[in-house]
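Only one chain is shown below, in structure tokens, and it's the form predicted alone.
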């Protein structure tokens, strides 16, 4: 089935934004939008920086389909998120500061006031890409949190609107970058001053 123009335009816009920010490389990352019992998801190995209509695949939420074979490797994860949460949009990217921090923390607690106000905390989970274990761990985390970090892999964010899911991914990476910078300054001997507002 041909992807509706409105769905394609929205996916293309936010996939391109992720690419421009350097949150995905070459053919990494994926995105989806739910519509009833179906989801439109980016094709396996598609280029998010220049998404084409044929790069958006329709699959079912409640059952596998023959198109799963060409859809994103993470289709199983998106499907489980939609099954377990009321969200209608999912983004997955590999922002570098967040991926780096995932090797050192069990959760990301944003050190910046904006990140903390919105996210509070972002759990780090485990699981191989495209595995049932990853699907369960990510979906369970997104029942309670806006975003989840997969160790050594990247971030999944979900919301009822694509622009909000995009905001969550940006906030996670922004907070991870600030945390990285503050750790560097501590190594240089600077004394940290903890904010009193948290």
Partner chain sequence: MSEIFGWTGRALLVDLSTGITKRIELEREVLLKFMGGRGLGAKIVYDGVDPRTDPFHRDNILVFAVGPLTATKVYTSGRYCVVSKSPLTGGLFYSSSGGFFGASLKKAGYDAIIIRGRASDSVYLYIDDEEVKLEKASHLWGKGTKEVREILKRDLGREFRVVCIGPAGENLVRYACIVNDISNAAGRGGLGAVMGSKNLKAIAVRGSRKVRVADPDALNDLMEKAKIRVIWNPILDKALAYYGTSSLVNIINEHGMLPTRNFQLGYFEEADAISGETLRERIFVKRASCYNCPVACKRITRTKSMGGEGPEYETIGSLGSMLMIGDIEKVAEINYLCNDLGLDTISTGVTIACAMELSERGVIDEKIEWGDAEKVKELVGKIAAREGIGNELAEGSKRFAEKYGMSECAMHVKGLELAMYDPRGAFGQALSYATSNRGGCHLNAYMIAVEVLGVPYLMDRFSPTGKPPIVVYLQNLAAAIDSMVLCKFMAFEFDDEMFANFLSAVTGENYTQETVVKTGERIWNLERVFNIRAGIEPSQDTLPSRLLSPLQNGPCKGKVPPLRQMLQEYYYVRGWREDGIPTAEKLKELGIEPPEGWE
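Positions refer to the first chain, counted from 1. All figures in this text were calculated on a predicted structure; none of them were measured in a lab.
Below, we turn to the form predicted in complex with the partner chain, even though it does not appear here.
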Check your understanding: Taking the shortest heavy atom distance, is residue 113 within 4.5 Å of the partner chain in the predicted bound form?
Key -> no
| query | Does the partner chain come within 4.5 Å of any heavy atom of residue 36 in the predicted bound form? | reply | no
Quiz item: Given that the partner is absent here, does residue 146 sit within 4.5 Å of the partner chain in the predicted bound form, heavy atoms only?
Solution: no
**Asked** With the partner left out of view, is residue 161 within 4.5 angstroms of the partner chain in the predicted bound form by any non-hydrogen atom?
**Response** no
Partner contact check in the predicted bound form: of 137-145, 28-36, 46-54, 167-175, the stretch with a heavy atom within 4.5 Å of the partner chain is 46-54
Contact check, 125-158 vs the partner chain in the predicted bound form, heavy atom within 4.5 Å, ordered by sequence, gives 128, 129, 130
